[in-house]
Ligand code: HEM
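Shown below, as structure tokens, is a lone chain in the form predicted on its own; questions about how it binds or moves come after it.
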Amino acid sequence: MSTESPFPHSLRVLLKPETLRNPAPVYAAWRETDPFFWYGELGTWVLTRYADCAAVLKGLDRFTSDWRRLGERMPAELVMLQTVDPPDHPPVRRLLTAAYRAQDHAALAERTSQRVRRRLAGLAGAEFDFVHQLAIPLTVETICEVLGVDPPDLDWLNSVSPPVIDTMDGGLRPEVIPAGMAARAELDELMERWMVDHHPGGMFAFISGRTREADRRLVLNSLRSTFHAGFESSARLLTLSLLALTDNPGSIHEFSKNPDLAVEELIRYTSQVQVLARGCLADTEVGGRKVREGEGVTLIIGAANRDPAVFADPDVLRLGRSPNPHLGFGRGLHACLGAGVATMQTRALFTELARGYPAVRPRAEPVMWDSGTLRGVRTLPVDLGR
């Protein structure tokens, strides 16, 4: 039976300024009072326990990312790798996975480390905005190298990306949807140009001659999502990780003891992807609750990654944590394609900070994005502190 929670069982709580900076208290209260509750405003169950979220992510026969299977209309712009199931999903996933694996990831990691060192050296000695002068330029350059294209103008990109992110909370803020769809259309034009104008060896070069293996629009939408997540989600991971490390004194030094474990812990602890949504295909039971066909299921990944039933001292940043079965990159059919690039960049940046700039620190409180789905920082003034 539910007990009284200090926080309303409402997804709108996720958009409050104090929650944006630290959602963990909300998630803990929900898990303790009613970890599996119905949210009538959006017609969805809200799940906060790890076991329940993992079961839904792996339950491909019972839960879907493709709302068309439940009779809902989906705009053509939103039909992509993350939102389709078999039989549409496998051909696109195979094509993009083959293109991704064809890259020289060892060389990419070395060039990324060089970019990090070059950028840090250029920023040393002065206060700068970590988001727009380091995280976003770095992640844009890296994903564009993977794709085999020239990076777009960053001012333009910084204008079209936020409206796309806003639509992830479109159920709570429907007024943002038109601007987000218009921004996607601009990014679609970029994808069309890149399909023609690209460098040899990247993902676009690999895919451009093989689009007949899968629906072309579905492929282009998926490439748009790969590009957008490749810089936006990765930049948010980098910035949230810096906050986590500087909020916990001594952690920058500790990072270098085992960077691989440290990166996985940062992904768990920060959980930049806070929320995933699925639809129920057939009456079923999850976590002792009956879920009916057609009902929505909202997975609070940030809460699952702090579940004490799975992670000892879940609110403590333990950079040597092992095992660490976090859900930060999803699970199953729709797991993040570019997880390896995101972890590589995180390892490269914080390895270099630990080696050369361990006194890095924020110079002011971060300004957070007002996004409940993809958590992130809008601006963060920092000093490398040599």
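If you're wondering where the values come from, they're calculated on a predicted model, not measured in any experiment. Start at 1 with the first residue shown and count on from there.
If you look for the form predicted in complex with protoporphyrin IX containing FE (HEM), you will not find it shown, but the lines that follow are about it.
233 is the sole member of 112, 233, 167, 239 with a non-hydrogen atom lying within 4.5 angstroms of protoporphyrin IX containing FE (HEM) in the predicted bound form.
This chain is drawn without protoporphyrin IX containing FE (HEM); in the predicted bound form, the residue among 353, 344, 29, 337 with a heavy atom within 4.5 Å of it is 337.
The closest heavy atom approach of residue 330 to protoporphyrin IX containing FE (HEM) in the predicted bound form falls within 4.5 Å. At the 4.5 Å threshold, heavy atoms of residue 184 stay clear of protoporphyrin IX containing FE (HEM) in the predicted bound form, well away from it. Taking non-hydrogen atoms only, residue 226 approaches protoporphyrin IX containing FE (HEM) to within 4.5 angstroms in the predicted bound form. Contact check for residue 173: every heavy atom lies farther than 4.5 Å from protoporphyrin IX containing FE (HEM) in the predicted bound form. Contact with protoporphyrin IX containing FE (HEM) in the predicted bound form, defined as a heavy atom within 4.5 Å, is made by all three of 81, 143 and 278.
Only one of 154 to 162, 93 to 101, 185 to 193, 286 to 294 places residue heavy atoms within 4.5 angstroms of protoporphyrin IX containing FE (HEM) in the predicted bound form, namely 93 to 101. Of the residues in 259 to 273, those that come within 4.5 Å of protoporphyrin IX containing FE (HEM) in the predicted bound form through at least one heavy atom are, in sequence order, 272, 273.
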